[in-house]
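So this first bit is one chain, no partners, the form predicted on its own, shown in structure tokens.
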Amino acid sequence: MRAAVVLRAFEILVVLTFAGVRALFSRRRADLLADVVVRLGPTFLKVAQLLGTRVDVVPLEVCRALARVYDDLPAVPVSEAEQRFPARLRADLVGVVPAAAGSIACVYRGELRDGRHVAIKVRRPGIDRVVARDLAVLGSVARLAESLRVLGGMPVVDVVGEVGDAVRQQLDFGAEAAALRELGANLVAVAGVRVPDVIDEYCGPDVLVMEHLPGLRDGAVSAEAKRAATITALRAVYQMIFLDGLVHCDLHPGNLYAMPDGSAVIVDAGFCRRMTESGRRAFAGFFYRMTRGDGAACADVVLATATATARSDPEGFRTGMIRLVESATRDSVADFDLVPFTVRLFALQREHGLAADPAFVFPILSLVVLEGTLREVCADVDFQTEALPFVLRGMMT
């Protein structure tokens, strides 16, 4: 393994060196960054996708460049994928066709002998070894960067560790199956939300089998239905964040579907994060105080949860937080934009030597990922009004 890591580190260095030379002569650096990530392979594709949402640690312009990175890989042939199916699944299938292909897994549609239609998610062969090797390289680079303080004292090792954990989690189909079941049970409380059922008897270590919900990619959804589904999805996220504590952090359009009847379907629970009870309550308290325009109280919540560094400046942060909340609450519903608010919040923390607590990163991440869809479909949505019933209940539990 050690030799493989060293060889891989050399390969990465060569790719980055050539990219650096190209960057000197190119103005399209965002496209160049996306190209480099693709060249580095599936682990870096997934890491880039995750970092593209981490406005707490990555500059916004870099996030936007990484957001252009998407999985566009060939599917593993059906004949090869079938070899990884559990015997019972192979025996009961009457037809299988490819449906989607990502960096970690491929998805196939199948029909069972009893007439049920299923979605079959199959882990790519050997991807666990590839991910382990690449994350070892990234971990070494993070330790070196942190020891040299090349990023201003940012906890690089912790950030890389969190991203690495998220990538490894997407290899664990048992954990994803458990998350799907729990999300399905939790979101019964939100009318109009559907999570596919896991079909346990056909699952295996490398295979996750779910019910296939028809119409996810039909495109025949009216503007009214899209609006209803998007608001329903927002309520589902508030249910996760303020009440349940299990948060789906990857609700981009490929994992969230509007249906013709206005309902919302949530799929692919490979990137879910569980909040601690104390973290859930702290975030609910922060959100409530933000809606009240109480910047000082918001600062108190953040200071009580964030990790201080050697250069931390609590009073400077408090002053900046008060100004930020005052500015946000002066905005009208139409003018309030979650992404700039979030970018400024995390920039304040970095500026004043505070490392954001995951209890804040992941719920905000879930909202930020959804925000683009919200603005496209229903720009006038009032985040605060929609959230308040969930926030108040969350503060009381």
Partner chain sequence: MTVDAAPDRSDPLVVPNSQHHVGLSIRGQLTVLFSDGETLDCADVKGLSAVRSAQEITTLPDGRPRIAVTRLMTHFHSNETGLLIQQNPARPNLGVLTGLRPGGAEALLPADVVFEQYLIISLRGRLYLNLDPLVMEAKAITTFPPVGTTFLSRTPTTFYDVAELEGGLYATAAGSAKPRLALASTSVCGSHVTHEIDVPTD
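Positions refer to the first chain, counted from 1. The shown structure was predicted, so the numbers you read here are calculated from the model rather than taken from an experiment.
Just so it is clear, the following notes concern the form predicted together with its partner chain, a form of the same protein that is not shown.
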*Which pick from 90, 252, 292, 212 sits with a heavy atom within 4.5 Å of its partner chain in the predicted bound form?*
292
*Just one of 273, 235, 121, 281 has a heavy atom within 4.5 Å of its partner chain in the predicted bound form. Which one?*
281
*Just one of 183-191, 222-230, 162-170, 284-292 has heavy atoms within 4.5 Å of its partner chain in the predicted bound form; which?*
284-292
_At 4.5 Å between heavy atoms, is residue 381 in contact with its partner chain in the predicted bound form?_
no
*residue 377 near its partner chain in the predicted bound form, any heavy atom under 4.5 Å?*
no
